[in-house]
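In structure tokens, one chain follows: the form predicted alone.
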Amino acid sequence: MPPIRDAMPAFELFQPGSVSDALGILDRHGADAWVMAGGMDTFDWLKDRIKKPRVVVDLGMVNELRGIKDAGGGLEIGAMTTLTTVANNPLVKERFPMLAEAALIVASPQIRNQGTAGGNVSQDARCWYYRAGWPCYRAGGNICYADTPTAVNREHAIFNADRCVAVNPSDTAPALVALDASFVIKNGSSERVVPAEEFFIGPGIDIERLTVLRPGDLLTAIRLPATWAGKAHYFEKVRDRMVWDFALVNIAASINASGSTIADSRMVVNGVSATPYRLTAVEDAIRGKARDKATADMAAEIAVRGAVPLRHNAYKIPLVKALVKRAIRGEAEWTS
């Protein structure tokens, strides 16, 4: 049974005014510190009395983490830039329209006004057993409650499950992987740049985390290279309700086409695995092929190879196939 919870534990609140101040606080408090961006994920954890940090580091005063700027034909987006700003920014809409679309479709306007680009890619799994405090693998226990004969698991993984079947809940994450973005992470005086595809990790690497972020780390910026700027982009999200909901499955695709022939592509689905799931076999199969129904049908079959549905989520297999077909055919496509 989940634990009984009453009062939210007290914590020490820090509101640094600069990146250097924030890094200093994180360095001093290590694993006791919780980084809060827009607070959309943080407030859920705190109000449900599940997470009990001793220190909360609120980044709301760190203005240098906000903004979008040109970067050699690509873009650099500050981690504290709101999703509304990303969705409405002219440069994002011109060069990377599917990122604008992905940001625009997150949750509700009120949440997008507060939620941030960095927070959206750093949020934790949304499995209701885990979020309710059940002692599952992800919470340090020795069972996955979502993967039992009587479990409610219609929103869980069909790919790469390894004990835990929770999925990555982000809408912007698959778009950033499809755009070959990278993440700038600082820790103390050091800085590392991690490709988006490597930023997200599955339970086979660490069952208690969805990203590479560790104590002391601060995600400061997201960089998008010019490589996929102005190419054909496709984004679609399927959810139970047209507002607020997390994706059942979403897809992001960047396609570089020469006429009707696909020269290269990056195609990513989310809501099906603990990480944004890149369809590399599909990318290889459609390279040099016509962007037509035959290619789309072939790719759809390849896309679901290896899928292992749970009791209640087999519907995700035909859903992935349908989204892959639509992305290749370019239905409702956004291009510059």
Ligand SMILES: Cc1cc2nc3c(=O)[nH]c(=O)nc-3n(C[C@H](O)[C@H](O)[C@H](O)COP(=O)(O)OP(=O)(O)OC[C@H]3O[C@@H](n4cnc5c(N)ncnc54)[C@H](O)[C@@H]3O)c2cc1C
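Residue numbers run from 1 along the displayed sequence. These figures come from a predicted structure and were not determined experimentally.
There is another form of this protein, the form predicted in complex with the named molecule, and it is not shown here; the text below is about that form.
Residue 106 is the only one of 106, 262, 100, 222 with a heavy atom lying within 4.5 Å of the named molecule in the model of the complex. For the options 89, 256, 114, 160, the residue carrying a heavy atom within 4.5 angstroms of the named molecule in the model of the complex is 114.
Although the partner is absent here, residue 269 is not a contact residue: none of its heavy atoms lies within 4.5 angstroms of the named molecule in the model of the complex. In the model of the complex, at least one heavy atom of residue 79 sits within 4.5 Å of a heavy atom of the named molecule. Taking the partner from the other structure, the named molecule in the model of the complex has a heavy atom within 4.5 Å of a heavy atom of residue 245. Not displayed here, the named molecule is kept clear of residue 178 by more than 4.5 Å at the level of heavy atoms in the model of the complex.
The candidate stretches are 89-97, 69-77, 106-114, 223-231, and the one lying within 4.5 Å of the named molecule in the model of the complex by heavy atoms is 106-114. If you check the named molecule in the model of the complex, you find no heavy atom from any of 249, 313 and 329 within 4.5 Å.
Taking a 4.5 Å heavy atom cutoff to the named molecule in the model of the complex, the contacting residues in 44-67 are 44, 59.
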